[in-house]
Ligand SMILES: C[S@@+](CC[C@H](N)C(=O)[O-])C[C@H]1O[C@@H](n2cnc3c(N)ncnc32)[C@H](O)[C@@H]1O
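One chain comes next, on its own, written as structure tokens: the form predicted on its own.
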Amino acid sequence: MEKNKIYCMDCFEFLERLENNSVDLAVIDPPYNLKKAEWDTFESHQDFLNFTYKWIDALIPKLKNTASLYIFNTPYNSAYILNYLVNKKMKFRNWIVWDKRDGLAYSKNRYVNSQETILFFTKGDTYTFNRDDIRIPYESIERIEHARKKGILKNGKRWFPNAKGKLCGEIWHFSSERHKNKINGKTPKMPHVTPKPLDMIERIIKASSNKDDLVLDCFMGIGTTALACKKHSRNYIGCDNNSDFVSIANNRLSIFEEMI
């Protein structure tokens, strides 16, 4: 199968055709069973889990021994997925909380749901993690400015802040795409019902892959993973069974290529 191509096909057919031990990083935003669209609707939670476990089983052999895997889902579903991956001998690294900054929300009889989960696993104990490439700004500006000049005494040593910022933690603050694209204060209808923020996918790409690595997304949607790879000189390969989404993804890639 060709690199830097998005195939319009079922994920199981796609994964069956893909070469084993060929993928450096997999970024997977699969169905959540939230019934937001036909592709996100299952008859029961068990049917959803059976589908999820099936694509995981098909995906794992495609990963190199040094590969990383990120999976998006709800916290509830992620608990099942985490347990399944551990039983498959995948190595758990982080339970990342995406704080969506999604505007007003309402809940009558429980806490407001304003997060999604990103599971970070690796296939083995040797893997890429470019921690300095994803540093984030320090929060205490005045204290950090003081530390830049004289440092801060910690455990008998003088600490100076890193010029690139602090290390990235497990709580990620990214506004959802629909709120980033407001028109006159209103959230527009998106071409895909659950697109992930490009800057969030870029963080994953930069952290867990290197230039010319191969990044897989078998639920490509409108091509955000592919676009992030293109921006950061990674190869990509993926699929989606919706021809309209594949067309939008290819158009986004074409527009980016014209800009560079």
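In this text the structure is predicted, and so the values were computed from the model without any measurement. Start at 1 with the first residue shown and count on from there.
A second form of this protein, the form predicted in complex with the named molecule, is not displayed here; the remarks below concern that form.
The stretch among 208-216, 57-65, 227-235, 191-199 whose residues place heavy atoms within 4.5 Å of the named molecule in the model of the complex is 191-199.
Contact annotation for D10: at least one heavy atom lies within 4.5 Å of the named molecule in the model of the complex. Under a 4.5 angstroms non-hydrogen atom cutoff, the named molecule in the model of the complex lacks Y53 among its neighbouring residues. The named molecule is not shown here, but in the model of the complex it comes within 4.5 Å of a heavy atom of M220. Contacts of stretch 8-45 with the named molecule in the model of the complex, defined by any heavy atom lying within 4.5 Å, are made by M9, D10, C11, D29, P30, P31, W39, listed in sequence order.
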